[in-house]
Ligand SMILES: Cc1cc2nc3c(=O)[nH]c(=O)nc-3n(C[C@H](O)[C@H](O)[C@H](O)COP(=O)(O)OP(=O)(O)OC[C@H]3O[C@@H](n4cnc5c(N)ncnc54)[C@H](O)[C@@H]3O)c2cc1C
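This document starts with one chain, in the form predicted alone, laid out as structure tokens.
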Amino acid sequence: MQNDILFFAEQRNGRIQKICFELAGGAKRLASQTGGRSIAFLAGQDVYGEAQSLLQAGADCVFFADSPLLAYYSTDFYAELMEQAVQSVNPGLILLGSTTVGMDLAPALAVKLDAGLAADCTGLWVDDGFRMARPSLDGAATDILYCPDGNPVIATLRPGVLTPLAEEEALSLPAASADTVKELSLSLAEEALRTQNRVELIEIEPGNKRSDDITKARVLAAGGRGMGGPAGFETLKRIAELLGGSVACSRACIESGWADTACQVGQTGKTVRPALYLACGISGAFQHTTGMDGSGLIISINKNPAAPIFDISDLGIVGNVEVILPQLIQALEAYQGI
């Protein structure tokens, strides 16, 4: 098994994205098990300064390419350059985030490298090779994927699956040397690359932000079918406001039209690791818990004492959410002097 692990450091407007620090931390921990290195690939315009932040996040080495042609993501340019990085180090595993960019770049790179690809993974570990978990196509089970030795394995991971290095882990990293940041050059002339590029970026039109990113929230007030309807989610919104958090939900609530899809947690939603996860009226089917069982403190409210959610909860409250949540709001408002 090739021991090195290469990860894609996605940037937008010259700034490293949050998912990159998760990949850096995860790659460093995996590399400590394989005896290899954690290596970052970074492309963009005026991004050299960001290479240092990647070293501080856990990368042992950073390959970077800097050009006006790379200011905005291009499948052709980025795939060619990342292929150069792969050929330089021959990693056993290549990690990308399950973002719009990562999900576009990963298959293009897989074709170039003739490599296996596991997309939208919810788990990753080392066990006689690299193994990856991802939801089955019907969302009713979890598939475990394994790629034998040979060509590199490519995996895209959902935000929140891996975690950045903790402060004490980062402090223990050795000081970076001068040769840890290496520049990649475009293998073809820029004009040739322009003519090769099959997609031309004409304009960028920012979209409207529909809701908060629940993967970044320290507190989540999550509702399931037991919330009863849209009115129940208005109650959750108030609790989230009082706790300084965001609202999340199970798939059943999306299917019922009670909440926005950006709020969904679980196999077919997002993976979250908040400091506090308040699960209200959620039964705890594994399709949901696989996306939140890494939360710091899990408090659950459910009227069914046998609900599976209680098996992973730090505190379980048996009762009706319609009774308990208004009392919680009153207590929080009184505590805050509202």
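For clarity, a rigid core is taken as the largest C-alpha set superposing within 1.5 Å between two forms. Since this is a predicted model, take the numbers as computed values, not measurements. Start at 1 with the first residue shown and count on from there.
The same protein has a further form, the form predicted together with the ligand, not shown here; the description that follows concerns it.
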Listed residue that, although the ligand is not shown, lies within 4.5 Å of it in the predicted bound form (heavy atoms), from Pro152, Gly226, Gly160, Gly245: Gly226
Selected contact from Ile301, Val272, Cys61, Ala31, since only one has a non-hydrogen atom within 4.5 angstroms of the ligand in the predicted bound form: Ile301
Heavy atom of Leu55 within 4.5 Å of the ligand in the predicted bound form: no
Partner proximity in the predicted bound form: Gly44 to the ligand, non-hydrogen atom cutoff 4.5 Å: no
Contact flag, Ala252 vs the ligand in the predicted bound form, heavy atom cut 4.5 Å: yes
Touches the ligand in the predicted bound form: Thr268 (any heavy atom, 4.5 Å): yes
Per-stretch contact check against the ligand in the predicted bound form, the hit in 87-95, 236-244, 257-265, 107-115 (non-hydrogen atom, 4.5 angstroms): 257-265
In the predicted bound form, residues of 280-299 near the ligand [heavy atom within 4.5 Å]: Gly281, Ile282, Ser283, Gly284, Ala285, Gln287, His288
CA of Pro305, rigid core aligned, shift of 2 Å or more between this form and the one not shown: yes
Threshold 2 Å Cα movement between this form and the one not shown at Gly14, rigid core reference: no
Core-aligned C-alpha movement of Gly36 between this form and the one not shown reaching 2 Å: no
